[in-house]
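Form predicted alone, single chain, as structure tokens, below.
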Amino acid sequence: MSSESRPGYLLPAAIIAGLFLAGLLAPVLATERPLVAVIGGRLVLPAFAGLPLVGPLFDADRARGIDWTSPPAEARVVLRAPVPFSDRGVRLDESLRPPDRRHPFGTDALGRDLLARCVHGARVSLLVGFGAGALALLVGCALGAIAGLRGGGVDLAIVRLTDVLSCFPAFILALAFVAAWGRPGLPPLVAGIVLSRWTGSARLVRGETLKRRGGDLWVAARATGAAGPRLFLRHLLPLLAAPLSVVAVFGVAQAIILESGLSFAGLGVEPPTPSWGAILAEALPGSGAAWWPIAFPAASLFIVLGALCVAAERLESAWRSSAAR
């Protein structure tokens, strides 16, 4: 990659990485629990108790049942979180408060801080988007490789399945699957997105595998004893890294759109867990003339999707330029 093309990647990559990191660290960045506190003369880190896996190591305050909105005398706050509000803290006396210094994004109809909800919503929207996009790519690569390597009836069956699923719009297919599951939640949401998004990578991998079958690389690899998965992983997959990276980035963007759409329709993660689509759905009925409950989650979606699309276009341009040389 030339030095002139690198700056085109820096801004979208920084935006995506920053939002993804904010989503991962949401329990520390947006919480009523302080980052550092003193309880009975002992230094504790209450906010870190919300982190996955390592949270129990910092859980001393939960055992004492401390309410950090009005801490007792023996608990002294040393350092609060950057956003000192919970994403689920209802305060009806602060309903639809416009953006100010205390609430930079304002509050929603239930008085919940919108900045805290957008930070925690990034955790769901981005993790589901990246996770479901990666799973869809993995499933598509596996089925495409099987179809291209095996051929015959196996190839025909996978091609027909791909054709059938491609006939349906991705959102309608994911919506039908999640609705048929019977109960909204994370597993059906991810499965529905994967079901509707694996066909593109499967077509690409199958086509490239068939194109290279019988070529010099194929014959040389078979002469070394490579066959089946080893032949694909060691000799064919590296050649597909560039186009698959473009498909992967576009796939993550489409997965985020699907997650937001399903959450907006009430078929995403279960309330009160926030995602950007669910925040928008909650804002529409009760916001009245207030613009901020809709503007900020919509802007979050716009920024991350724009960054992903720019990154994918830059990758595609770099790939086509290198292929043309």
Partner chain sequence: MTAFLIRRALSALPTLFGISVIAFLILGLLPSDPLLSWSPGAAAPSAEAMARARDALGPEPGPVARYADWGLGVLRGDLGRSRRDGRPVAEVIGEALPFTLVLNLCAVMAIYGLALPFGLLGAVRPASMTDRLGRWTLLALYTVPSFAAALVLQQIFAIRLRLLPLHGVSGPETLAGLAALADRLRHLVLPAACLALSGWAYVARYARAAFREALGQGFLAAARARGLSRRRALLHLAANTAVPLLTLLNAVIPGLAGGSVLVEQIFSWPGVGRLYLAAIEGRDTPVLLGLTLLSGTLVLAAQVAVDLLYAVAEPRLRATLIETPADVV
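Residue numbers count along the first chain shown, from 1. Not measured: the values here are computed from a predicted model.
Unshown form predicted together with its partner chain; subsequent notes refer to it.
Asks: Just to confirm, residue 288 within 4.5 Å of its partner chain in the model of the complex by heavy atoms?
Replies: Close contact exists here: in the model of the complex, residue 288 approaches its partner chain to within 4.5 Å, heavy atoms only.
Asks: Wondering, does residue 159 line up within 4.5 Å of its partner chain in the model of the complex on heavy atoms?
Replies: Looking in the model of the complex, residue contacts with its partner chain include residue 159, since a heavy atom lies within 4.5 Å.
Asks: Does any part of residue 190 reach within 4.5 Å of its partner chain in the model of the complex? Heavy atoms only, please.
Replies: Outside the cut-off, so no.
Asks: Is residue 241 a contact residue for its partner chain in the model of the complex, using a 4.5 Å heavy atom cut-off?
Replies: Close contact is absent here: in the model of the complex, residue 241 is far from its partner chain, nothing within 4.5 Å, heavy atoms only.
Asks: Consider the chain as shown here, without its partner, and state which of 195, 248, 146, 83 has a heavy atom within 4.5 Å of its partner chain in the model of the complex.
Replies: The residue from 195, 248, 146, 83 that makes the contact is 195.
Asks: Let me know the one among 236, 175, 128, 137 whose heavy atoms come within 4.5 Å of its partner chain in the model of the complex, would you?
Replies: None of the other options qualify; the answer is 175.
Asks: Tell me which stretch of 85-93, 69-77, 162-170, 110-118 has a heavy atom within 4.5 angstroms of its partner chain in the model of the complex.
Replies: Only one stretch passes the 4.5 Å heavy-atom test: 162-170.
Asks: Does the trio 27, 104 and 124 actually contact its partner chain in the model of the complex, every residue with a heavy atom within 4.5 Å?
Replies: Zero of three within 4.5 Å in the model of the complex.
Asks: Under the 4.5 Å heavy atom criterion, name the residues of 81-108 that approach its partner chain in the model of the complex, in sequence order.
Replies: Contacting residues: none.
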